[in-house]
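What follows is a single chain, given as structure tokens, in the form predicted on its own.
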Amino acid sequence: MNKTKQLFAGLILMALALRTAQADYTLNLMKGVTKVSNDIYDLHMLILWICVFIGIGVFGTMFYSIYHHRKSKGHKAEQFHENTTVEIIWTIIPTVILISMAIPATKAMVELDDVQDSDMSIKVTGHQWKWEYEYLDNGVHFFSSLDEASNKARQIDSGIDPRTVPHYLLNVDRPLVVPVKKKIRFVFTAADVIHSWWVPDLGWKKDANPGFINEAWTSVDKAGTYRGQCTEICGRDHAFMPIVVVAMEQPDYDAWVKKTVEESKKGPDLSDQSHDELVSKGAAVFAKNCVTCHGAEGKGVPGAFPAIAGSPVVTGDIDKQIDIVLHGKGGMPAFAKMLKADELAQVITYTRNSLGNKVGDEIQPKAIQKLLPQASGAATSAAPEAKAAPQEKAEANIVLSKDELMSKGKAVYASNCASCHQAEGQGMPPTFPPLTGSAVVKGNINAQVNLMLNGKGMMPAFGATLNATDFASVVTYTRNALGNSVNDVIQPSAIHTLQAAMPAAKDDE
């Protein structure tokens, strides 16, 4: 009897503890701020109560039978075999239960995968260790990284109490901004390893796999800020690539888009900087983008990430270092797409004159800018109006050799095309077709140019985002590289003529 009392007392205490834990740590699912998240919550609760009902029925019957038909009361176990009635009952009842659970579950799964009739599309690419966002409808494009305050606090021996940092490890420098009450289609992929994009308030998570495309959608009902994280172990800094989604009312969202596009037109600061200024600013760029792999003191991680201190690449020919920083190599990402020309010049100068290195040279932003395609280095793609008139005039008459076009086209391709069609042109079927052996790329060059100028489906209209030189270069590159050997070229002057006619064509429409 005492053991029975102890058992019930223990159960009561456990229930009280669970109630407290639920209040502090939320044991149940959250409802979220989307219809999908609420439907998933309702499905979860339905299945939970069905399971509770089954548990009460099964265990209640079992405990009742054990207690009231025990041997001490003179009962003997009944022997029976192949009772048809019992077998029919225990087959029909579970079948009915499973069907009653399958119908709402299937409905919810179909709803989750229905990306049709979306109002806008956003491509999400996972990188070690940041997120890249491309708004496929308006050309906005930027990278989102862990915020500076969290990044400083998480360093070993930083001396900063993480509890003093607002939203520690759950804040970013640039959040993903979306309008409320709009159906938003997401396209997920990765540039290196498997990542997973998860914002609990949206009600789902989706893997981002290199070489593959996953899709999902959401429609946020309430304006606000919603936080999430990468939920796939993607490397040593997996814990430091959070996600922040800011949902705005449509007027506020439109104003954000306008402001973001206007800021992108400003471009990088191309003025000459003193050696000390380059080094000083480069330290901040290094801390934000490089310290994760190479360490705060440039010692790297032996066997994984090479040291900067004493590196033959960093202390050697500056042009070779620039090429690796811009275009990447192995586990090194291509920073031409992530950083602006001034930031690239600053961090390159910093690494060559700090962290135990004393080369004594430098590189100015102007020199870096000449190596970048038009859209590189900016947070968003620049609009045609941002082109300078002297550049337009020069492009109208410029003639480049095939080698010059190919060399520049490789950089343009890496910054604007590789994320969809992949570095070697293999694409990600069926969403992004391969360029290797493509009938479009190997066919009439005018047809390819027209497709790239005006876009089609998921293909953006590059006539509005690339200048004539970059455009001609990447067309020539795709037709003579990536497994293709058409052996033809197109000059910037021809592209310039077509781009100049585009606004007039739109007015005629």
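Throughout, rigid core stands for the largest set of C-alpha atoms superposing within 1.5 Å between the two forms. One-based numbering along the sequence shown. If you're wondering where the values come from, they're calculated on a predicted model, not measured in any experiment.
This protein has a second form, the form predicted in complex with a small molecule, left out of what is shown; the following refers to that one.
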| 4.5 Å heavy atom contact, residue 186 and the small molecule in the predicted bound form | no
| message | Check residue 37 for me: does it contact the small molecule in the predicted bound form (non-hydrogen atoms, 4.5 angstroms)? | response | no
| said: Although the partner isn't part of this model, could you tell me whether residue 268 comes within 4.5 Å of the small molecule in the predicted bound form, counting any heavy atom of the residue? | reply: no
| field | Exercise: residue 456 in contact with the small molecule in the predicted bound form, heavy atom 4.5 Å | value | yes
| task | Could you spot which one of 96, 304, 296, 233 gets a heavy atom to within 4.5 Å of the small molecule in the predicted bound form? | result | 304
| Looking at 308, 278, 336, 208, which is the one with a non-hydrogen atom within 4.5 Å of the small molecule in the predicted bound form? | 308
| field | Among 411-419, 78-86, 167-175, 196-204, the region lying within 4.5 Å of the small molecule in the predicted bound form by heavy atom distance | value | 411-419
| query | Core aligned, does the CA of residue 316 move at least 2 Å between the shown form and the other one? | reply | no
| message | Following rigid core alignment, is the displacement of the residue 449 C-alpha between the shown form and the other one equal to or greater than 2 angstroms? | response | yes
| message | Superposed on the rigid core, does the Cα of residue 99 end up 2 angstroms or more away between the shown form and the other one? | response | no
